[in-house]
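In the block that follows, a single chain appears as structure tokens, in the form predicted alone.
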């Protein structure tokens, strides 16, 4: 098999994946309810085709022969990535994988119906099947210790519970006392001043303007509405962002849009040489999440951002917002208050939302927790970590799509990405005067730095390799701890 044959093979695989991603976008945004079952069958057919190509004898032959024909680092890296995928996928029986994908699609549909009915029992049977499949896959991959390690590795290569447990404990030890100190502090942050009715169309206009300022290319993407916001790369020339509007709280859509926009900038700025190859993808979900959280939190929630964007915000906001004072507004959008919904959580308590899910996932996979016990376990941990207890499923176990999509092992990458983002921000400060650029509202130097050091590489580098090349060190939670401590000690005047 020749190098050219390998390139053509990758391009064909990518074409099927593009079609599948477009269907997933449609299923999560625009699809008529009665079309869902038929569409899940199409998902199964396309997924089956991709699986066949990822595990074929032709690909195996290319993996063995192409490296002897070229010294091109891009082709050699693509072969290495294809081989990793081959070795994982070939261990899963094709029929079992196809059944898993069909259950995934049906489970997502059941999740939407369960949310509408506020009834976890409608989703529970699908979760039981998806957990069984995930445990089976981890066995196939050779994980006989903690099966959850196999699932972690799917999203963050090289990550294990042995690495993650002490890191998360370090974060808990630092952040839980900080959350408690804020609760005990007499200083009040008046969030009611920003909870006025804000029409959806006006929110959308402001959000679109911020996406544009970030550098999102609308000729290569679009913004739509969905229940659970996401970004999906159909192709680097077609990257779609979604958001959810709450006319009682503009923060949901604004920061959600900035977050998904960070994901989209990553995928829009892969080096064009990577297009139509297995390398046109994020280095890992943790690195991907670092880009979204970098924009959402380190820029969008910063005082410097609102120095430049506050007047622009007011130009889109209703009359009730016009008397607000900028500094008081900044403190209000950064209020720390334990809440039920992860995607609406403040920067500080967000970490506990992820740790809660991580711990529950491990228990579901190791069998110490059943699906039927999950809602109560969720509520118990929410009460223990954040002092609040959901009284309905939609505010608790039904709020995220990830488990309904079979994505066990995904949640930890959110907090991993948060830690990466803090490290990246600190590194950029040595090259760019970040406060000045953000105050000016000129994000192009920041975006260009990220494109040079992160975006363009796609999967050319492993996640820890990328972080070490950028920052000179591996994963280090101290930067996030210092960032959150400094910011909220100031906002809440903690002595």
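Predicted model only: the values in this text are computed from it and were never measured. Positions refer to the first chain, counted from 1.
The protein also exists as the form predicted together with another copy of the chain; that form is not presented, and the subsequent description refers to it.
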At the 4.5 Å heavy atom threshold, is residue 462 in contact with another copy of the chain in the predicted complex?
no
Contact of residue 221 with another copy of the chain in the predicted complex (heavy atom, 4.5 Å):
yes
Flag residue 62 as yes or no: does it have a non-hydrogen atom within 4.5 angstroms of any non-hydrogen atom of another copy of the chain in the predicted complex?
no
Is it the case that residue 235, even though its partner is missing from this view, gets within 4.5 Å of another copy of the chain in the predicted complex, heavy atoms only?
yes
Contact at 108, 171 and 369 by another copy of the chain in the predicted complex, all three, heavy atom at most 4.5 Å
no
Selected contact from 433, 439, 456, 39, since only one has a non-hydrogen atom within 4.5 angstroms of another copy of the chain in the predicted complex
39
The stretch from 66-74, 22-30, 463-471, 445-453 that lies within 4.5 Å of another copy of the chain in the predicted complex, judged by heavy atoms, is 22-30
